[in-house]
Every structure is written in C-alpha cells, then in structure tokens.
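Presented as structure tokens, the chain that follows is alone, the form predicted on its own.
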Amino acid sequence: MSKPQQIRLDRLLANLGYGSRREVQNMARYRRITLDGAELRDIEQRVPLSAEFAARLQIDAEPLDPLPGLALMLNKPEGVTCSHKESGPLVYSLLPDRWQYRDPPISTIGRLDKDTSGLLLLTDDGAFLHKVISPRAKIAKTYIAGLARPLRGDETGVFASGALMLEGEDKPLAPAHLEILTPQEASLTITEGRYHQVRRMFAALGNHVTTLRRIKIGGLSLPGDLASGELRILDAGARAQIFAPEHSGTHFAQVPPAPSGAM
C-alpha cells in the first residue's frame, strides 16, 4: 500500500478554506488547533493526507473539514442556478461558507437548470467528475416530470424507439424509458445529457413540462429524508452506486454545520 501524500499543515488548512497561511499561523498561535487533544504549534510541519490524521486534528474543538477528494449530493431547490457567475441564488451558496474557499474548488457534476430540482452531485475531484459525466459511461438519470396536459398514450413507445428527433438537431435520441405515474406525471430515464433534454422531449410530442425533479443518477437515489437545500457527503460505497444499476443500503453522512470562528 502506498503512503499517503504529505503536505504542510498550514497549506492544508489554507486549501480547506480556513484562511490564508498567515491566518492559519495565527490560529495556531492562539491555540485554536489541537492534535490528539494537545495544542499544535508547529504549523509548518508536513502531515499525511489521510483520514486517520484528519480524525486526530481539531480546529476550535471541532473536527477538521473533509479532506480533498470530497463528493457530495445536494437536493437542489428550484430557483437556484448551477453557476459561479450568474445573478440570483447559486448552488454554491448552499455550501458551508468555508467550503466555498477550498482549493481545489468544489464544482457541480453536470448541471440542473434553474427550474429543475432534485439530485445534484458536487465534487473537488476532477477525475471522479469526468468519470461520471463521460458519455462513454452512459450513466442513466431518472426524472419525475409534471405535465401541463394529459399524456396521449404513445409516449412510452416513442421515447423507447431511439428515433425521436429534437427540434434543431440532426441526430435521434438514444432510447429512453418512460413510466406513466398519473395522467399528467411520468418518470423518465435517459442516458444522454442534451440541453434541456427532458423538457424538449415532451415538447416534441406536444406537451409542456411544468415541474421537473431528478431522483436518481445511476444506482444512486435521492434519499426521501434529504430536505430541499440539504447536502450529504458520499463515501466510497455511495460513489460506487452511481456506476451500478442496482444498489442496497445507504452510504452518506450528514454535512455538519460549519464551525464558528475562521472563514
């Protein structure tokens, strides 16, 4: 087994968003950092990037924030945008304040448009991000769509045919699975991620999506007890569920409230 990467402690804490290196040094000077319950003054020492070490370190008597390699699920509310730059409420404002200053930064894995709610993944792990969004992975995503008009009855066959064309495109959609829930509500599972795809699919059949909620990515489902706007940390088991069609059990941890004190 390879040894974990070593990093200077002041740099690690700065990268986790606790402040600049100078601010982190001041935290040590004022006895705010402890290791195994003892005050830690040598803030320039090199430490292992390991879960074992992180569990021993505390800032202001609070556990250390998750190390780099973080993956999260968010129950995204409607009206929130997956962007750093657009005006209005942004998904990143739902992160604990300090997490918005992490390096590498936390990014969404794909996007949900402003008017779509539900399961959204975020990570600071570039390799994991690209593995999830790679077209070759063909990871299925399931949505619940509320419709303006009753379903006409042939949608299941049309969506499954692999022949449906979207307006302005010259390549048909891959087959998709539709399950009718009520006359004006359906579950739709797709393996592509074209622009506003679900809304455009129903529009191609003369209907209009009034509400849209993503409930599943691969084998990972949105938990029923995860309230709108809440985050949970995914462990290795939950990440694996994304790439598996079937799953059992749960593998998340509630995101703790941001400790008071530093940024």
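Counting begins at 1, following the sequence as shown. Computed from a prediction, not measured in an experiment: that's the story for all the values here.
The discussion below concerns the form predicted in complex with uracil (URA), not included here.
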Discussion item. Since only the chain is shown here, I'm wondering whether residue 50 would be in contact with uracil (URA) in the predicted bound form (any heavy atom pair within 4.5 Å).
Written reply: no
Practice prompt. Examine residue 78 and determine whether its closest non-hydrogen atom to uracil (URA) in the predicted bound form is within 4.5 angstroms.
Written response: no
Discussion item. Does any part of residue 116 reach within 4.5 Å of uracil (URA) in the predicted bound form? Heavy atoms only, please.
Written reply: yes
Item to complete: Using the partner position in the predicted bound form, report whether residue 143 sits within 4.5 Å of uracil (URA), counting heavy atoms only.
Response: yes
Item to complete: Have a look at 198, 40, 70, 59 for me and say which one sits with a heavy atom within 4.5 Å of uracil (URA) in the predicted bound form.
Response: 198
Worksheet item: Which residue among 27, 217, 212, 234 has a heavy atom within 4.5 angstroms of uracil (URA) in the predicted bound form?
Response: 212
Fill in: Partner-facing stretch of 125-133, 164-172, 151-159, 105-113, counted where any non-hydrogen atom is within 4.5 angstroms of uracil (URA) in the predicted bound form
105-113
Worksheet item: Out of 12-32, which residues reach within 4.5 Å of uracil (URA) in the predicted bound form, heavy atoms considered?
Response: none
